[in-house]
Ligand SMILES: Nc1ncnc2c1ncn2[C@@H]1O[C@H](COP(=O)(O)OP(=O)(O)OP(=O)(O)O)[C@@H](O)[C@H]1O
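Starting off, we have a lone chain in the form predicted on its own, written out as structure tokens.
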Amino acid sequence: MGYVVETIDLRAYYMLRRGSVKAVDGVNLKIGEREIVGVVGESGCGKSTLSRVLALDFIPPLKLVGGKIIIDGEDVTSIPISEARKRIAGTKISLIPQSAMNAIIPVTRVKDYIADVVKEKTGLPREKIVDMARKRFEEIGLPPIALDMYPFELSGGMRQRVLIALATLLNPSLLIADEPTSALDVSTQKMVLTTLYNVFKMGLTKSIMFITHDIATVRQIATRIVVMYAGKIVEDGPTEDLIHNPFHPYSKALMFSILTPEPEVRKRVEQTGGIAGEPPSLINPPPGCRFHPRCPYAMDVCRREEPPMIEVEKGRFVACWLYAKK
């Protein structure tokens, strides 16, 4: 299986006067072709920053500090970021950012907004872009008449699907969706998830990275889940395996917070009782394992040394001294 995206020791910090916020700090991640990877974790763990970094969206104070981003086999960090972004934005990687539904200019018709965005990236004639958009709308189940409408005339679900159509118009290798269902009701969430899955199934994108704090939602679409905590990946594995048998203590507490009718999961939720304490400051994170101040299993080594990411079972990776010491 080829990798659409691979990161090696990726570090991206927010450079502030009071210090550097280590939002993405030593992240190693591989996303293969025909994968839907869910990235989960508490607010502030670095999920959205990771999405921006992969899209090369470095707007100050965010800065790439170190590491590599390899897209379709090319190390894009070896060339100027501005040049790399021109080459990959929309074609190799396309990002639907948080609160994207409000990004469409309210006084601009949908077709004009799409034409402006795509023309800036490609230089294609506006008429060709609108024709491409009309075809894409039909492919994902949006009425073509929506192209002639203003954003305020569309429901929240339709606006989100318009942005999915825009994000996939140039058939990117990786589509990153950052909290695409967070502001929607349950029935509309299902519609958006179905649209994303159909986009994937039709091959309009090779792979999807789905970012959310909602485990129940990501479970419906992801083939694999990556758990982030305090700027780092702590666990990575197939969706159902990770949900039913998480290894990392943070993953356990996070997964057992799912609202579910499954009796065995409900029982573990009641036994867990949540996560004590608060996430650490990313300006001055704790040494060793960053979860150790909140971990009921913390040992001396956890306070001194950062645990390596190891493969505990086939396709199951965890960064925790409970497993690394064995």
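Model, not experiment: these values are computed from the prediction. Heads up: residue numbers just count along the shown sequence, starting at 1.
Although not depicted, the form predicted in complex with this ligand is the subject of the following passage.
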Candidate site I8, I71 and I88: all three near this ligand in the model of the complex by heavy atom within 4.5 Å: no
Close approach of P61 to this ligand in the model of the complex, 4.5 Å, heavy atom: yes
Heavy atom of V27 within 4.5 Å of this ligand in the model of the complex: no
Exercise: Q98 in contact with this ligand in the model of the complex, heavy atom 4.5 Å: yes
Partner contact for G44 in the model of the complex: this ligand, 4.5 angstroms, heavy atom: yes
Residues from 4-26 in contact with this ligand (non-hydrogen atom within 4.5 Å) in the model of the complex: Y14, L16, V21, A23
